[in-house]
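Starting off, we have a lone chain in the form predicted on its own, written out as structure tokens.
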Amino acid sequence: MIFGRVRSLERQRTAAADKTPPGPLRDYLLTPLPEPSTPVESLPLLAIDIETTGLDTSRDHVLAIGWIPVDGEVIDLAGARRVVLRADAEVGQSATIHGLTDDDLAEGVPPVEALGEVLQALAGRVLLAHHASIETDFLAAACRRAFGVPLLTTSVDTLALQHRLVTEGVGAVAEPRPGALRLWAARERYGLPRYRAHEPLTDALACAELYLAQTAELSLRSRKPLTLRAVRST
């Protein structure tokens, strides 16, 4: 089933590339994704976190993006990047969450340029995020607005992995306690430090560290090598 889903996704990506003008999104779509059989020890991922004006992809805007590559079991700090977008919007009440100001946006990079950087970094990698649907949905909407074609990708969601870890195996609970799946609560399970929240690069790093801890635990539980097939969410 998963092989069929991946082949279907690759067909969709190829078809979308045919409709996409030359540039970063077309290049990204024409770069194959890792195979489902890729072991997590050699899996290339890109941990991403975005800050937005809200949660409605049709109305709200991406304000900042942070990302950092993960090559197998290694976080590549040299590839870390944070960009603030020159969004056509005001931060409004969202400033109380992420701390960005309208002056920060005025000095940001154009959205198309920022997307181009993200797509170049994401090419050939699996998108990694905590509650990944927020990142995939907003980036898809941003690509559709900028290039006329949505982002078609595959992802690993550390929130979904955390739900699996606490609801399966020894000591499992039927339902996690409220808040137990949030990024910082999930990190506490592994004794990982608490960083400043809602800073996109810091959150991307926090997600990457959590992923490595989660896959280490899943590998110990598994009787066979852990692969992308076993951890992917989309």
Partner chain sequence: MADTELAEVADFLSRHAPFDALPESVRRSLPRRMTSRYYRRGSHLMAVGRDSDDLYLVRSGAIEIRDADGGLVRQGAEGTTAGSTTLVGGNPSRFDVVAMEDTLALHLPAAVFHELSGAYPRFADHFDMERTDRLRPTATGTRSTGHGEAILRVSAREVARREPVTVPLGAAIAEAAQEMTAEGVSSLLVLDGERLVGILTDRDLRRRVVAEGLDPARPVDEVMTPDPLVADADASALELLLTMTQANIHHLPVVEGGRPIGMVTTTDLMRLERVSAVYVAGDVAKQTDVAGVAAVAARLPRIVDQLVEQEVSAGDITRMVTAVGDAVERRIIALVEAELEAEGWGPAPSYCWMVLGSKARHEQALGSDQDHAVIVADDAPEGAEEYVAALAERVVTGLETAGYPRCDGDVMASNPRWRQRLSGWRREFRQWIEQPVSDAVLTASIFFDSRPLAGDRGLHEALTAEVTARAPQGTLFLAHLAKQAVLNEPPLGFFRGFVLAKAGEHKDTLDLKRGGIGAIVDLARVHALGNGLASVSTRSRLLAAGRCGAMSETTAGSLVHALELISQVRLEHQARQTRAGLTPDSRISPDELTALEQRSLRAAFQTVRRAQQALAQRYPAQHYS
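In this text, all values refer to a predicted model and were calculated from it rather than measured experimentally. Positions refer to the first chain, counted from 1.
One more form of this protein, predicted in complex with its partner chain, exists but is not displayed; see below.
Task: Among the candidates Ala132, Val149, Ala121, Ile75, the residue which, in the predicted complex, approaches its partner chain to within 4.5 Å (heavy atoms) - done: Of the candidates Ala132, Val149, Ala121, Ile75, Ile75 is the one lying within 4.5 Å of its partner chain in the predicted complex.
- [ ] Find the only residue in Leu29, Val62, Ile68, Leu43 having a heavy atom within 4.5 Å of its partner chain in the predicted complex.
- [x] The option sitting close enough to the partner is Ile68.
- [ ] Verify the flagged residues Gly191, Thr202 and Leu212 against its partner chain in the predicted complex: is each one within 4.5 Å by a non-hydrogen atom?
- [x] Yes, the whole candidate spot contacts its partner chain.
Open item on the list: I'd like to know whether Arg82 contacts its partner chain in the predicted complex, with contact meaning heavy atoms within 4.5 angstroms.
Closed with: Answer yes; at least one heavy atom of Arg82 falls within 4.5 Å of its partner chain in the predicted complex.
Task: Close approach of Val112 to its partner chain in the predicted complex, 4.5 Å, heavy atom - done: No, Val112 stays farther than 4.5 Å from its partner chain in the predicted complex.
Task: Partner contact for Ala216 in the predicted complex: its partner chain, 4.5 angstroms, heavy atom - done: Looking in the predicted complex, residue contacts with its partner chain include Ala216, since a heavy atom lies within 4.5 Å.
Open item on the list: Is Gly116 part of the interface with its partner chain in the predicted complex - any heavy atom within 4.5 Å?
Closed with: Flag for Gly116 set to no.
TODO: Quick one: find which of 121-129, 134-142, 150-158, 101-109 has residues within 4.5 Å of its partner chain in the predicted complex by heavy atom distance.
DONE: So the stretch in question is 101-109.
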